[in-house]
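Just one chain follows, in the form predicted alone, and it is written as structure tokens.
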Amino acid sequence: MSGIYTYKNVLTDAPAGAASPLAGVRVVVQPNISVRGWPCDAGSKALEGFVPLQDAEVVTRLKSAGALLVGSSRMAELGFGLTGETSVRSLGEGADVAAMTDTMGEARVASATEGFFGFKPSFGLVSRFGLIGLVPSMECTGVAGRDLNSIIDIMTTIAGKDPNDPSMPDEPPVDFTSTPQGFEGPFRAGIVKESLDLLNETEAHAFKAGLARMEAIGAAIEEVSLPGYSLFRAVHNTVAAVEASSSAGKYDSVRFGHRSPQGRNWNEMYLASRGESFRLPVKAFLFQGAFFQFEDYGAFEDACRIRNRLVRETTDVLGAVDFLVFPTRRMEHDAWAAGSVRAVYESFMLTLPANVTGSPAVQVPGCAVHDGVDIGLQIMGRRRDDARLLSAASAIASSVLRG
């Protein structure tokens, strides 16, 4: 597969003859999800040469279910954006499913661009054990696939409590096995009127086409207001930058990763290595986080308080409707070409709310299309309402197949 670092296929750990919907399913993983014995550099020089000694919990569960790990993709540095990302593109070259980090909406935007399904689960539903993360409170392992059934099968396998991940809430598991192949009964979908101002004319026409698809299966579309919508970007940027700065502090070039030959002592070597290990967008992002940590901590505290308010506002709106609907991507911003923090955020303006609030969101292809351009239809649900959300997406996708 072009753009994939392929290794010897990793077969099943399931008992011989065991029936599993994932038996033989070909899965590509990003190189920030640990696979024992595979290079795992998370796309960064800071982790150059790192090879995990243990599988991530997600990988352990995939192997046990009989999935076939066919390779490790390329990825944006530490999962920040999509520059250099090939996980979703591998779906067009033989893979069935891609497991990738969704920090700002990467799994959904990449899937929308390539014409596939992309799913971000509720925060805390999938173990982060073995994930080389950057923004712990907003990222999760997302799934991209050629069909929703594969995504449902993957989620049935990888979701659930893991004692090795203390960040997971002590909550009952979500039952994906009961997810019907299509939503039972009509549902109410809310359009956030504040998000519509971001759309150009073509995007607006495409989005209306997607809404028409939903109405065709009986969905009631209504306009709702989320007063704090314009704050999602600033909140994500501030909180994520601080968490990233803290998370990346461990990359000291002493135990693993790139070590600069410059410097007359350990301190100079450390500073030089840090300067050489990160590319410009991530380096700028880490500088932002360090600024808020050490020079303007009050701004970080304000962002956390506003985030809490946004979670409450979103919960209230989702109490009045079943789901919120957005386009997935913006045509005028190429996420793969984003070379600055600002450009990265502009590429994910429509997907940030799900990461800030910890809500599940699914991208459905083939709906929001105008003049041959598919901007993707993104449906966001209440936290832990993942199975119901995928059911609704399945009904919409079925209407696309029927034409």
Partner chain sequence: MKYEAVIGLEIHVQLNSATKLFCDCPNRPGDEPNRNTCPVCLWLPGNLPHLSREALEKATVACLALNCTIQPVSAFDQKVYYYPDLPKGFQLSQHHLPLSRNGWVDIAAEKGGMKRLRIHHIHMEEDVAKLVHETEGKTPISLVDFNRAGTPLIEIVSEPDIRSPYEAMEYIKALRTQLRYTGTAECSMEQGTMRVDANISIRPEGTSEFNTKVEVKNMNSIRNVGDAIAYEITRQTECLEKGEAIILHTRLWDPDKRVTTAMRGKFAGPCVPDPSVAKIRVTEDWLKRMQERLPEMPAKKAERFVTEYGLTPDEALAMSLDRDISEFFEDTAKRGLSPHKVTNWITTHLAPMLKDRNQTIEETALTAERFARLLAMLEKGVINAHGAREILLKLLESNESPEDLVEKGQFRQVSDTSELEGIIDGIIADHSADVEDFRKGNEKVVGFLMGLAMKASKGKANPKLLREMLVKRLG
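Here the structure is a predicted model, which means the values were calculated and not measured. Numbering follows the first chain given and starts at 1.
Separately, the form predicted in complex with its partner chain exists; it is not shown, and the next lines address it.
- Not one of Thr113, Phe285 and Ser340 comes within 4.5 Å of its partner chain in the predicted complex, counting any heavy atom.
- Contact with its partner chain in the predicted complex, judged as any non-hydrogen atom within 4.5 angstroms, is confined among 347 to 355, 364 to 372, 64 to 72, 51 to 59 to 51 to 59.
- Heavy atoms of Gly160 never reach within 4.5 Å of its partner chain in the predicted complex, leaving it off the interface.
- Put simply, Val242 is close to its partner chain in the predicted complex: some heavy atom of it is within 4.5 Å.
- Contact check for Phe129: a heavy atom falls within 4.5 Å of its partner chain in the predicted complex.
- At the 4.5 Å threshold, heavy atoms of Pro166 reach its partner chain in the predicted complex.
- The contact with its partner chain in the predicted complex, taken as any heavy atom within 4.5 Å, belongs to Gln293 out of Ser260, Gln293, Ser225, Asn149.
- Contact with its partner chain in the predicted complex, defined as a heavy atom within 4.5 Å, holds for exactly one of Ser230, Ser246, Thr202, Thr315, namely Ser246.
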